[in-house]
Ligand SMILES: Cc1cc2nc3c(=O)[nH]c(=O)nc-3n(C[C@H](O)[C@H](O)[C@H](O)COP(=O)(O)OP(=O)(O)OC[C@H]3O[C@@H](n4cnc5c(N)ncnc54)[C@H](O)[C@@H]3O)c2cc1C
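Before any questions on binding or motion, here is one chain by itself as structure tokens, the form predicted on its own.
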């Protein structure tokens, strides 16, 4: 498979180094940063350059630098739905989860930067007696990634509360609302426009009982601990839910629990998860995903579509 970064301009890194040194000298900016440190799978080789913007203004500036230097950047929130190549990435990685983390409140509406974790948003809502984000408390990803994929769990999804998104497009910063966001199952306008970068979003909630909100969050957390392999590195649910079926049930019916390739294994606790049981490589996970897809299709005729995003 051709790398999505293969068209980067030769010498882009040296050009970018000078830009950052001249205009953002205090920015955290690293060379050959191991991406295994920044993904929940604990898999991934080094990024040629990685930076950690602390404001939306810095992020916009860095995106402009990337365009001028001829490099296609990768936006990385909390790295919870990604599988990164073992060879690493010859590109600039913009890590938003560490620095773009501002949250504010306007009445019953939360305004948050793209790097804020969904789990933290759930806690913030509870602390202000606002209901509507209980489902998000156990989702480890960032708001930006959650918007792109319309993240959801246990009957709730961001679509239920998301009212406005400010994003950077090639022609400038735009604010989208309502139907413009094209929110559906694990998709949005941004899945069709990967060149756009989510900067911040607004979530409209409702007043509720802090005690009841906390009880619901505790209930969902207990369900996750009981059913999901949270003790092992993974990228969450490996496959999307096929129409009319549940991916985990199909995989389980095919006797694939515990199937292993290298350090990658179909979780014995939840068949919908591929987990890193120790030293797993990207190639191990890809081979195991293919084996699961082939076995399920042969046995049931159902095609499993991967939910985890492959970055090579």
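Positions refer to the first chain, counted from 1. It should be emphasised that the depicted structure is a prediction, and the values quoted were computed from it without experimental measurement.
Same protein, other form: the form predicted together with the named molecule, not shown, and the subject of what follows.
- Here the chain stands by itself, but in the predicted bound form one stretch of 101 to 109, 171 to 179, 228 to 236, 119 to 127, 228 to 236, has heavy atoms within 4.5 Å of the named molecule.
- Put simply, of 75, 183, 161, 220 only one has a heavy atom within 4.5 Å of the named molecule in the predicted bound form, and it is 75.
- For the candidate set 82, 89, 71, 203, a heavy atom within 4.5 Å of the named molecule in the predicted bound form is found for exactly one residue, namely 82.
- Shown alone here, residue 213 lies farther than 4.5 Å from the named molecule in the predicted bound form, counting heavy atoms only.
- Contact between residue 189 and the named molecule in the predicted bound form is not found at the 4.5 Å heavy atom cutoff.
- Of the heavy atoms in residue 242, none are within 4.5 Å of the named molecule in the predicted bound form.
- For the chain shown alone, residue 208 is not a contact residue for the named molecule in the predicted bound form, no non-hydrogen atom being within 4.5 angstroms.
- Using a 4.5 Å cut-off to the named molecule in the predicted bound form, not one of 44, 262 and 265 places a heavy atom inside that distance.
- Along 151 to 170, a non-hydrogen atom within 4.5 Å of the named molecule in the predicted bound form is carried by 151, 152, 153, in order along the sequence.
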